[in-house]
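Here are two versions of the same chain, shown separately as structure tokens and labelled structure 1 and structure 2.
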Structure 1
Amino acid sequence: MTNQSPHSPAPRARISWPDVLVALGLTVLGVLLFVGTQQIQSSGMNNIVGPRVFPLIVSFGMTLLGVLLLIGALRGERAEPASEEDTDPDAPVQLGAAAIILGGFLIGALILVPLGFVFGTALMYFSVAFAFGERRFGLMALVSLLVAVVTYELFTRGLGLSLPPGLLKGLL
């Protein structure tokens, strides 16, 4: 086993602001959950434990844990990004790639019904392939459409699901 120690508790470590923000966000989430429980009507006549009790416990727990995380973050603790099969821990972080995927996905979701499943998912496929660094545009377009059409046929004919045909209504 390698002797790695990701959490090196250096006494005066520099504060990592992203970690503080995440901890702050979680604390705020806990408080918002508490505010949300106040909007639950506890009308329950024959209920000993109404619909509010469990959410209250969850909101208290979330707030407390968020505060603990915040204290840690302000003392200089920081999270170690996960390492996955296809990631390189030393690679420069490219948030743009994630933005491209997310953008392609959202536009694809918006056109899924009006233009059809095939075009929506083809756009999603294309944007992921692009974000992962593929630049053979002809091949990408071809594979995108092929995957979308085959998926559509497989799920509508093979498994009896109904997916929106859109522009290709009558053609597929």
Structure 2
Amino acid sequence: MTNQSPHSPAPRARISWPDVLVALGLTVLGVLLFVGTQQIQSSGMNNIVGPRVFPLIVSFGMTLLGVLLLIGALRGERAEPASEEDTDPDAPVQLGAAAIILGGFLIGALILVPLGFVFGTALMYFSVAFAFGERRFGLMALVSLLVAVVTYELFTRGLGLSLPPGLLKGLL
């Protein structure tokens, strides 16, 4: 039996700071995508549905979802794991894997232009595999490079995109 009277206020829910950070990150990404969309040149043809439409839809959706998540997180609502997940939402947060992935992404973005898309993207794939616990470094490097080369070829030849070739200029 508890000592709470029926008229005592309910205990205030704690704010989940990881949920707040995810909501802020999503909101910032949505705003950055919106700003970047404004820099897309329009040819003047197809003014109703041009190259800005889908990025605008995605940016508005991301920003709206981020704001809604932020409001929920600040009200004490928590993102609960799915029933099939075996996680403890009250366990301390370990950000090591997320930091490794973020670091790989940032370094990959920095070397993208001087070394090329293949090496920058391969580093990102490698960091994700490492963050998820893979330690067969030779296999990780080989698979990362192969997937990056295939991605480069699909984007440049299949979609006609211009990606920085870097050190592999003339080879791919």
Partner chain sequence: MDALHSLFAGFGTALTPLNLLWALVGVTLGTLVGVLPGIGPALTVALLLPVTAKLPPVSAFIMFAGIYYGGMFGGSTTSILLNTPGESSSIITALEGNKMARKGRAAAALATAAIGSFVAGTIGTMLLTFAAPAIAEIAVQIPPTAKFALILLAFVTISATFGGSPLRGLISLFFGLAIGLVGTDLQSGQARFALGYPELLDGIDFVTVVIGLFAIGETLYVATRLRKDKGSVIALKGNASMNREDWRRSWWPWLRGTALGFPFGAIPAGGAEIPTFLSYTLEKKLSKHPEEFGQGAIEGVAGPEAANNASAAGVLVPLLTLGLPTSATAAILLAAFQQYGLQPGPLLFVTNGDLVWGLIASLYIGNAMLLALNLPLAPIWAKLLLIPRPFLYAGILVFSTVGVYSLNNSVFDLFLLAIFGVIGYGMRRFDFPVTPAIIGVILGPTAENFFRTAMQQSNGDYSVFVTQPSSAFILVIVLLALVVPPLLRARGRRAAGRVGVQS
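Everything quoted here is computed from the prediction, not taken from an experiment. Rigid core: the largest C-alpha set superposing within 1.5 Å between the two forms. For residue numbers, the reference is structure 1: its sequence is counted from 1.
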Fill in the blank from the handout: Only one structure is the form predicted in complex with its partner chain, namely structure 1
Exercise for the section: Superpose the two forms on their rigid core, then report whether the C-alpha of residue 21 is displaced by 2 angstroms or more between the two structures. Expected result: yes
Exercise for the section: Superpose on the rigid core, then tell me if the C-alpha of residue 34 is displaced by 2 angstroms or more between the two structures. Expected result: yes
Exercise for the section: Verify the C-alpha shift of residue 128 between the two structures: is it 2 Å or more after superposing the core? Expected result: no
Practice task
Once the rigid core is superposed, tell me how far the Cα of residue 71 moves between the two structures, in Å to one decimal.
Solution key: 12.3
